[in-house]
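One chain is shown next in structure tokens, namely the form predicted on its own.
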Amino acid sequence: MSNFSITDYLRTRGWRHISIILFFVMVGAVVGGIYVATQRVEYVWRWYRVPQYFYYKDTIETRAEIEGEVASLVAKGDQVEVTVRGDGEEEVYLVPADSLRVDEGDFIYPGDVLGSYQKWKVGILIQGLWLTMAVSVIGVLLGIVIGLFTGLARISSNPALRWSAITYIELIRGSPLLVQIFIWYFVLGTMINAMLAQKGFSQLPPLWFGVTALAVFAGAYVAEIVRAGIQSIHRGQMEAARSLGMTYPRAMRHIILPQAFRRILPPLAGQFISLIKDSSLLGIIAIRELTKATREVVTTSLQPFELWFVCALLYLVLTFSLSMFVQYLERRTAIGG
């Protein structure tokens, strides 16, 4: 009886506890190995300098715009109103009293500093992170629209729609994203901006060509995911809907697509996570997303280890948050089903 109890415990809770312990041992070994490796590298770690690339206090100087004499200094609370009177012109500046650098009667020139104040600003890493999020969200939304219509065209009985969808999917999936970004920016972007300039319109910034490249790239993969999801639904579902008098678009909207959505959600999430990481390629066309921002900071600060670790962590936060959101949607759709 005693032997049976021990065996039963090992089969149920014992192995679970052992597995948990092994997991933490492996994690500890990896972390310890990284720590030992970093200690053996001749590198001075400066983690204390990393926060300034997230949020920092900048000194903003108030400079004179005209040449003239300081006509008056009028105190207004903790600020001073500086009036500069020149040759037929006059300018008024508000300067913090504790940073005032001029006296009444002083003669100043354009560009001279009258005073300064400090203001908190968002650092370059947060700016890059925000741009990465914006580019990814827009690319995902456009990719869903492109992929949905292309996936429907892929299974259409119309040869023109079906062959066009197949051509688009094979061309996009058969070439690297980096090459497509180059084509969108240096070839198509140049032609589009040239035509806009001829018509008198302003040119499009590189950001929109980068977003378009991501959306078109993602749309090809989403199209195949949508096609596979729709074709995984039994054909009897469509036949039953049509027998009830539904049109094909209505049956697809109310019967087929809701069921297919639950099946394609996991692969869609994987594709969107890949898109977030693929957005790092946009730095080659001067878009300061997270990777390019990190590269610029590394160049100026000479802190490659800390900053690339932080960059990887920020990408992990984005992708992990998206994974959690998709799992939430999966639970909601499962409950709704």
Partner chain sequence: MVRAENVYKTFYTTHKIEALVDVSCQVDKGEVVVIIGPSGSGKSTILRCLNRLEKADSGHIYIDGVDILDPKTNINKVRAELGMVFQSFNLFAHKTALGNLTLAQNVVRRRSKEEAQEKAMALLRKVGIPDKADSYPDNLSGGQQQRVAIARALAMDPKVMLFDEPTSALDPEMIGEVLDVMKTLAREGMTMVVVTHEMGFAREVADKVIFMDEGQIVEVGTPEHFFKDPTHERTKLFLSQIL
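These numbers were taken from a predicted model, which means no experiment stands behind them. Numbering follows the first chain given and starts at 1.
What comes next is about the form predicted together with the partner chain, which does not appear here.
The partner is absent here; in the predicted complex, the one residue of T167, S232, S156, Q237 having a heavy atom within 4.5 Å of the partner chain is Q237. Contact with the partner chain in the predicted complex, judged by any heavy atom within 4.5 Å, is made by just one of Q203, S72, S175, S243: S243. Contact annotation: the partner chain lies within 4.5 Å of heavy atoms from the stretch 249-257 in the predicted complex, the single such stretch among 81-89, 249-257, 147-155, 105-113.
In the predicted complex, R262 approaches the partner chain with a heavy atom inside 4.5 Å.
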